[in-house]
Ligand SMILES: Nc1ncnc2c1ncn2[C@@H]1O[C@H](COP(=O)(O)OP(=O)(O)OP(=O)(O)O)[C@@H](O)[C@H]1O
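Quick heads-up: it's one chain on its own, the form predicted on its own, in structure tokens.
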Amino acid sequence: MAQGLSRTFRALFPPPRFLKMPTAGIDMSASGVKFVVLNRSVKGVVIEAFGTYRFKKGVITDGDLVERSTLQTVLKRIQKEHGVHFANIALPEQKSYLFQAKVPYTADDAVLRASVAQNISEQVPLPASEARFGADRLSREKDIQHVTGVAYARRVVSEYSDAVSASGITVKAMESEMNAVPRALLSQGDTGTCMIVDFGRTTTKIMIIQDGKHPLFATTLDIGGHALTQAVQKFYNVTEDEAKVIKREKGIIPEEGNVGYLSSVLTTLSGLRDEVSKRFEYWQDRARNEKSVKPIEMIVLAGGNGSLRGLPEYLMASVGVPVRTGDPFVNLAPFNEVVPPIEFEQSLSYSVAIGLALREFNDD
């Protein structure tokens, strides 16, 4: 059976067998484009190239590609300046439809997929002819197979693949951000259930990943780290760049003389904590009542603000399970053998791109 959305789209865009050049992971979002190229060395998988290209607001809005020409200009620069010719790309979480279904059990993967396809319009608000999806097996109950999947409208798939291809980069595979992130942050062989909180600049994405790779829940919050930066700016009356330095150094660690500072940033951060707690409790309730759903055992932080000092402890006090900052290098060459060229604080914002590039070395 096609293993998730990733293999479904690989089948739609099969690479020629002679392609051996490194493949980039390209993450396109509202703020710009991030890319990572990985390669194999004698010490393990290493980062060969990476970069971030920003563009103005409005090029990509709520997952919609509004200004295709601007995106293509950026992609052409990546192709020219870094020699990127092949890429695995992410489709926006905002345009995805996560679903779970029950179908008759069969050992034949093709028959199972056909059963899901037959009733896909009951799972997502798309006509069957317009839906592009991938599905994975979850648990089995006698003659019933529990299945999870991610679907996209054909229009979204074509929109992004055409834009990348027109820039001179060959698309080898397409998948959801929700498939890429756990591949970067969770160790190979990890079979637990975790919540990933991707704390970005203007939004926060919450994903629940079961068995180390299956996305079962996702939502995007209009809460981001830039609001914290603005709170620091206002409190200290400093520039944005100065506020970022203060935020990075102080975090939310209680220290002598910073009561006022903490109050200003926690007023903003409490909204994120409350939303995370709400989703956490919702999922734990489901796990108590549904056999196919497993409880969250850990929360992993990612995104450009995921390394905020004191954030794991702050969230852990509300949810009662371990909370840790993610490590996007966990499946790369050991740190004591090869020091990655990306600073760790930066690396968290490259989680999607790293996960996409890892497909070539860890195709699940």
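Fair warning: this is a prediction, and the values are worked out from it, not measured in the lab. Residues carry their position along the shown sequence, with the first being 1.
Beyond what is shown, the protein has a form predicted in complex with the ligand; the following relates to that form.
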Item to check | Partner-facing stretch of 113-121, 225-233, 132-140, 253-261, counted where any non-hydrogen atom is within 4.5 angstroms of the ligand in the predicted bound form | outcome: 225-233
Next on the checklist: Although the partner isn't part of this model, could you tell me whether K172 comes within 4.5 Å of the ligand in the predicted bound form, counting any heavy atom of the residue?
Outcome noted: no
Checklist entry - Given that the partner is absent here, does R77 sit within 4.5 Å of the ligand in the predicted bound form, heavy atoms only? => result no
Next on the checklist: Please determine whether K56 contacts the ligand in the predicted bound form, using a 4.5 Å cut-off between heavy atoms.
Outcome noted: no
Next on the checklist: With the partner left out here, check for me: in the predicted bound form, does some heavy atom of L308 sit within 4.5 Å of the ligand?
Outcome noted: yes
Checklist entry - Does the trio K34, G200 and S349 actually contact the ligand in the predicted bound form, every residue with a heavy atom within 4.5 Å? => result yes
Checklist outcome for this item: Heavy atom within 4.5 Å of the ligand in the predicted bound form, from candidates R286, K102, H85, R248, belongs to R248
Next on the checklist: If the cut-off is 4.5 angstroms on heavy atoms, which of these, G304, G63, P312, G51, is the one near the ligand in the predicted bound form?
Outcome noted: G304
